[in-house]
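Starting off, we have a lone chain in the form predicted on its own, written out as structure tokens.
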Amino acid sequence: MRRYLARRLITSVGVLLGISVLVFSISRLVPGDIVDVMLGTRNVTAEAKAALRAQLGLDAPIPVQYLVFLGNAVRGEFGVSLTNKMPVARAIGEQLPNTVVLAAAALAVALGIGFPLGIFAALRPGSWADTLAMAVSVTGLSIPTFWLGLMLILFFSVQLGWLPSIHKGSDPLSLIMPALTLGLPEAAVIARMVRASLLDVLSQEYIVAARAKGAGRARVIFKHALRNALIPVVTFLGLQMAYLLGGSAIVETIFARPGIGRLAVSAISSRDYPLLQGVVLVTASIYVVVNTLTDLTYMLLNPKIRLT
């Protein structure tokens, strides 16, 4: 167990170092002088350009710039935003809780719909119920997120007037449509994965043996089959949770909801490279941490994985 954890930590550190190199290169890969891109070329004095170059640390050699950038990132210091003049870490910290709430709500929608639908379809393979459940799943996968969000606004906000179309502080009703927009496509994928995985497990010999010993249907499904069927689903949930925590820029923009996804869009549109670098690094770190926790969950679901 300790050896596995050490190996995963080393791998995670290597991945984060590679990502830091890519993030560091964002502002260096922009065509032309990054200072000219950010300030423009009209009515800009040489002193202003020199001040911004010094603020960004662009007056030092590239290796020194990267080491300074890496050291600051390890300490959680990503510089100062060029648009709102506040520390990038503070800007991200203020927006991250909103994204966490949205991600948790979307995951609850996905699990609450996807798991029962997948189990329902797997227990009736080839029936009309199975066909209907998978048709609903395919429909959910085929609908673009931005279109689904707009249709929810049109129906629940414009036509019925039940839900607010934009974020309104701590009003829980303003969370419903963004959570549905993010969660329904994920529910469709979970339903298909649960169905396929559960059907495969139900055909295994140990399930047949458990039935032959007189175990009840509910016991066979929930104690013997479902636990092993969850392993590929956990993989998907880990990746999707990282995606949701990374922030969905489309959903947060459509519903005017604060979050790090919308923060990244704002940074791109305003060419705020320190803010963009900080958002990308935080998002990448979330992916690495969640993937590591997902691998550890495998070991709890299936002890055989500990021996491989």
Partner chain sequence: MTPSLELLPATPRSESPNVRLLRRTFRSPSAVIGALILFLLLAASLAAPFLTDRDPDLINPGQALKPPSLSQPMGTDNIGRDNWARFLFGGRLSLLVGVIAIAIGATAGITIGAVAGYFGGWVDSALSWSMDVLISFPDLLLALAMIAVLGPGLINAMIAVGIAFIPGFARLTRSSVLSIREQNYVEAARALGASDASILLTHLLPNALRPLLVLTTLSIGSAILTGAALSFLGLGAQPPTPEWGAMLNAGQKFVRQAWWLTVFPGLGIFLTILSLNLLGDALSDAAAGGTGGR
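The structure displayed is predicted, hence computed values, not measured ones. Numbering follows the first chain given and starts at 1.
The form predicted in complex with the partner chain is left out here; the points below concern that form.
- Of the candidate stretches 94-102, 111-119, 75-83, 144-152, only 144-152 contains residues with a heavy atom within 4.5 Å of the partner chain in the predicted bound form.
- For the three marked residues, Val15, Ile254 and Thr283, a heavy atom of each sits within 4.5 Å of the partner chain in the predicted bound form.
- In terms of contact with the partner chain in the predicted bound form, the residue from Leu132, Leu173, Val138, Ala209 that brings a heavy atom within 4.5 Å is Val138.
- The partner is absent here; in the predicted bound form, the one residue of Thr235, Ser157, Ser127, Gln204 having a heavy atom within 4.5 Å of the partner chain is Ser157.
- Under a 4.5 angstroms non-hydrogen atom cutoff, the partner chain in the predicted bound form lacks Val290 among its neighbouring residues.
- At least one heavy atom of Leu22 is located within 4.5 Å of the partner chain in the predicted bound form.
- Within 4.5 Å of any heavy atom of the partner chain in the predicted bound form lies no heavy atom of His167.
- Although the partner is absent from this view, Leu276 contacts the partner chain in the predicted bound form, with a non-hydrogen atom inside 4.5 angstroms.
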